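Take a look at this single chain, the form predicted alone, given in structure tokens.
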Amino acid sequence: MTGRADRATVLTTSILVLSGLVALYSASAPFSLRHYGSDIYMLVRQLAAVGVGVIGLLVFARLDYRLLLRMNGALLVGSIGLSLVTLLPLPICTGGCWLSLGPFDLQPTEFVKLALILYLASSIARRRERMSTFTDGILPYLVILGVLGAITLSQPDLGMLLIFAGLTAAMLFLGGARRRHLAFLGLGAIPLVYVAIRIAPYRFARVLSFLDPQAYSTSSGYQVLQSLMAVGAGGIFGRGLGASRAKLFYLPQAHNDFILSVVGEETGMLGILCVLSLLGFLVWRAFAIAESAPDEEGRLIAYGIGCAIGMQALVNAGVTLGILPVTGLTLPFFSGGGSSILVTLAMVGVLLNVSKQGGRL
């Protein structure tokens, strides 16, 4: 039986998109004016990405997710292939992570996120009876994480790798993998993460500045300190919409990784709590949709989408508030970046289709 798309998810997504556009314009206006001669340049780019993303959401909301599952292998290989292209010395490859396609810059690892969810859902559901063994329940996915690790560390993008690893672990747990196998995997990953941080001077500097930002106030700790100052200046109710001072080139990446700092300065801690509550509500709806999904694949897809959005939001908020080291991860629906909003809206579209197939009103 096919029902109606989950209306709470539609409403929450709409509020998040509109709020994100307002926040992005406020945070990016000085940057856009200085670098592009127009205070709405970044907003227009984001609006274009949102437009494409909404079309993708509508398509995926109508397209039976089982059709996507049939292509899960091709989607994963294709998105990984695009990620590999970014490492080549080509004119279209910029910054190690992006493909420059005319007026748009695509970050293929964002597309890997959705493809990985679909692959994991399909693969875990097929192996359901064998997920309790290490060779079938853990090992094949370690190989995939190894490939993704080699790519993301070369880009470099350790933050995205941690999202991939956390997402994979969560879906394996939900799919029936043994806890002791996952615990063993987590313990084994600690020295690997340490090595990945230690061999890259900028990553090691981020960790040191996280432990003692004041000691690195003019270098790697600068962003964190400016973020905390912005949030602190906002207090409970904020300076007022558009009144942020941090975005006046005191805070680097004010419209990207640290947009929540500007939200906090302008709308206060109440604004931050509202943003995180909306994101949390969307994650809760994803989990509720998972419980009413018509099959195991749909259940895992919905849980995977909820985990992906929730993990990325928590990590970004943790960085903004100085609880976690700087990772470079965006805040879903808010940070500037076409790939992020496009993929997030596509994931919501798939989630809505799962809710329709499950008959949820």
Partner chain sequence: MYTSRKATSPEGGTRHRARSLRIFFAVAAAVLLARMVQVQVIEHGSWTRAAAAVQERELEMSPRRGAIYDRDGTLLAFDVKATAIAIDSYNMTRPVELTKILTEELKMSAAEVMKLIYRSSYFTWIERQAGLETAKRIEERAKEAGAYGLIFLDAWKRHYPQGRLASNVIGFVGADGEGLEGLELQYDKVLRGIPAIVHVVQGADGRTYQSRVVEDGEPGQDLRLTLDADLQLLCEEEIAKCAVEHNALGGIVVVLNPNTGEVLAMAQDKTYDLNSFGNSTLVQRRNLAVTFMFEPGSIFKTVAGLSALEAGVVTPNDTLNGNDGINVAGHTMHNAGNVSYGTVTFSKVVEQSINTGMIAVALKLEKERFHRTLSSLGFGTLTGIELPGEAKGILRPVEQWTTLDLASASIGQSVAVTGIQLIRGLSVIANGGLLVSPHIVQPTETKAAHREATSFPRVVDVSACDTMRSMMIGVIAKGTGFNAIIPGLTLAGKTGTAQKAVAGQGYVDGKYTSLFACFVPGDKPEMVFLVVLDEAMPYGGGATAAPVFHDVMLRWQNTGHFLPPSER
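Positions refer to the first chain, counted from 1. The model shown is predicted, which means the values in this text are computed figures rather than measured ones.
We do not show the form predicted together with its partner chain, though everything after this point is about it.
Visitor: Counting only non-hydrogen atoms and a 4.5 angstroms cut-off, does Arg45 reach its partner chain in the predicted bound form?
Guide: Although its partner chain is absent here, Arg45 would stay clear of it in the predicted bound form, with no heavy atoms inside 4.5 Å.
Visitor: Evaluate Arg179 for contact with its partner chain in the predicted bound form, applying a 4.5 angstroms cut-off between non-hydrogen atoms, and reply yes or no.
Guide: Arg179: contacts its partner chain in the predicted bound form.
Visitor: Contact between Leu67 and its partner chain in the predicted bound form at 4.5 Å, heavy atoms?
Guide: Judged by the heavy-atom cut-off of 4.5 Å, Leu67 is well away from its partner chain in the predicted bound form.
Visitor: Is Arg245 a contact residue for its partner chain in the predicted bound form, using a 4.5 Å heavy atom cut-off?
Guide: Close contact exists here: in the predicted bound form, Arg245 approaches its partner chain to within 4.5 Å, heavy atoms only.
Visitor: Looking at 148 to 156, 191 to 199, 276 to 284, 69 to 77, which one sits within 4.5 Å of its partner chain in the predicted bound form if you count heavy atoms only?
Guide: Contact criterion met by 276 to 284 only.
Visitor: Let me know the one among Leu142, Leu241, Met269, Leu84 whose heavy atoms come within 4.5 Å of its partner chain in the predicted bound form, would you?
Guide: In short, Met269.
Visitor: From first to last in sequence, which residues of 319 to 355 have any non-hydrogen atom within 4.5 angstroms of its partner chain in the predicted bound form?
Guide: Heavy-atom contacts to its partner chain in the predicted bound form: Leu321, Gly322, Ile323.
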